[in-house]
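Same chain, two forms, each on its own as structure tokens: structure 1, then structure 2.
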Structure 1
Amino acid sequence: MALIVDKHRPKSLDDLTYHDELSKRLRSLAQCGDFPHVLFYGPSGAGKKTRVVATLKELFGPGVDKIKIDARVFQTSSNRKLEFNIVSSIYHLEITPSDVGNYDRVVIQDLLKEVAQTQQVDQSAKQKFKVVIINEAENLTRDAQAALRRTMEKYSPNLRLILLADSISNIIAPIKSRTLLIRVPAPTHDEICKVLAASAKKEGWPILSGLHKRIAEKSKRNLRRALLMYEAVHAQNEKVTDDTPIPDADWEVLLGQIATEIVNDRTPARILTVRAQLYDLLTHCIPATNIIKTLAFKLVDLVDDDLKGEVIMFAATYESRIKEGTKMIFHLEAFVVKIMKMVEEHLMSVDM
């Protein structure tokens, strides 16, 4: 059974329920034939991908829905073989270069040239160019981004890129200069409520505005998360009312407990157990950034007003080291130690 996040995903620009202005803009760009390269950015769960797929449909028509997935093998200059999945229709293909980590440049170089040098199969295609969608563009290495530069210019008669990114801080200036940047804001609470109500109608669920509102707030304007929560509420309860509790993700509950323990039990023994717990989260593929960020926001609720700013400062410091370093657990642990020390010193100064 498909999840409602997928099942109820709008398929065309007309079906999109929020950011009407933006939809209008995309339609006019798609209808003109001189569609530029585009970079969509905005927070996770704001509906970037849905909007891109809808735009693609506006460009080419229903043919873009017939997709297939191929595994392709690329060879690096050191003769390493990389296997890589490509989703494609006859008009477009979609790749996630960060799947191959530091070898993303090889994939970009080979694949884009190949696409650019072949013709549109469908003679009656609405556009003469093909589209390559690049997911998680914020994770592209510098080399891969450099490899895109001239390709984007040289092959522009045959090829358009649509890049998707959560943030554009890591995108190099020459790439930003070659794309039209399109910001996709997260939906507001009201807009999320509307989407939830529409899904409820389709599923035959009761429309509970109180519940919808609570979900919207708890989701922090992340529509994907909101829909997943909504489905979870219905999966876990026979009868859903306005007051049905909304379950937290396990790892968030755990981080809440860890935060309390850090503040209350500032001992070397505690550091050891916390370290093991954090390590466990990492091995369950919770990204270190999510861990430190969630932990920081839980801590902020527990400490004195004077200390809140410092918690954020330490979190930001160690989060940036996570990005620069390689041993994530070191920085998580260092963060924990800093917080314990900070709380300890604060208590002593108050005592005196």
Structure 2
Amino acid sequence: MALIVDKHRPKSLDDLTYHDELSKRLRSLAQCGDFPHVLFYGPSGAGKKTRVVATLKELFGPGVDKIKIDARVFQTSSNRKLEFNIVSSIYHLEITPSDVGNYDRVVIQDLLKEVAQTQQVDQSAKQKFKVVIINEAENLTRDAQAALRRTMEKYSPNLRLILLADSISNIIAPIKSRTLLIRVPAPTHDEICKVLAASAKKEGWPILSGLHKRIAEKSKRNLRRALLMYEAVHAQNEKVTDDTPIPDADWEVLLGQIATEIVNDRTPARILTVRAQLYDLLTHCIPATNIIKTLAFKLVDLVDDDLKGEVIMFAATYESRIKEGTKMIFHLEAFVVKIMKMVEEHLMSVDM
């Protein structure tokens, strides 16, 4: 059974219910004779991927919905084999090179070169080029971005790139100068309420404006998260009203427990336990940056006022190291140990 976030996902630019000016601009781009390389950026849950798929449909027609998942193996110069999944149709490919870490350059070089050197399979297609969607473009290494820039220059007749990123601060200037930058802002609370009301109508649920407002505020303007919360409310309660509690995500509840344990039990044994819990979150695809950010805010609610600023400072430091490094668990564990040490020293100073 599909989740409503997938079941009710708009399929075309006409179906999108917010950012109308952006939809008009994308339709104009799709209909023009020369579609450029595009970089979509904006916060998570703003609808970047939905707009990209809708734009592809405007470019090529309904054939982009017929997708398959292929497992490919790439070989590095040191003969290491990398397994990599590619989502594709006859008109486009979707990849996430950051999945292979520092070897993303190999995927960029080999795959894009292969795609760019082949002609469009469907000779009746409106456009004669293929599109490659690159997710999490801000996480690409510098080497991968340099390879991407060379590909954009050399193979532009047969290839168009659509890059997706939460932020463009880590993307090199040559790529930004060769792409059309399109910012997709987060929807407002009112826009989220309208989407929730439309989903309720499709599902036959009561339209409760009070509940919709509470979900919009708690989701922090993340539409995907708001829809998941909305479905969770209806899944866990037989009768839903404006006052029905909105459940937190399981991973957020776990981080709340971890924060309490860090503050109350500052022992090596607790570090090992927390490490296992953090590993569990990472294996369930919770981003390390989300983990450290959420954990920091949970800790701020538990520590003394004198320590709140230090918690945020340490969280920012280790979040930066997570983005620069490859072993995320090391930096998460280091943050936990730092907080334990800070709390211990504070309690000792108070006792003295």
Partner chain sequence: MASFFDLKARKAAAANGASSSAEKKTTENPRLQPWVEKYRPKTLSDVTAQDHTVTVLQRTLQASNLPHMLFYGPPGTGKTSTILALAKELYGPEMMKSRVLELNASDERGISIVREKVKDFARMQLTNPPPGYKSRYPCPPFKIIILDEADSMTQDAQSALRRTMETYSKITRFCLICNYVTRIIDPLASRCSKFRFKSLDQGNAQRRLEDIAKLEDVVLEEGAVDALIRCSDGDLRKAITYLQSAARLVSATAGGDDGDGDKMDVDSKSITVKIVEDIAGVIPDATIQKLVKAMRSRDAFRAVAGVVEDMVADGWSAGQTMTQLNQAIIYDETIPDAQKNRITGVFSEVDKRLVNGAEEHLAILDLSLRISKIMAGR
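Definition used throughout: the rigid core is the maximal C-alpha set that superposes within 1.5 Å between two forms. Predicted model, so just to flag it, every value in this text is computed and none were measured. Here, residue number means position along structure 1's sequence, counting from 1.
A.B. asks: Looking at both forms of the chain, which one is the form predicted together with the partner chain?
C.D. replies: Answer is structure 1, the other one does not fit.
A.B. asks: Any idea how many degrees the smaller rigid part twists against the larger between the two structures?
C.D. replies: Smaller part versus larger part, rotated 22 degrees.
A.B. asks: Once both forms share the same rigid core frame, by what distance in Å has the CA of Val253 shifted between the two structures?
C.D. replies: For Val253, the alpha-carbon shift amounts to 3.8 Å.
A.B. asks: Can you give me the Cα shift for Glu345 between the two structures? Core-superposed, in angstrom, one decimal please.
C.D. replies: It moves 11.0 Å at the C-alpha.
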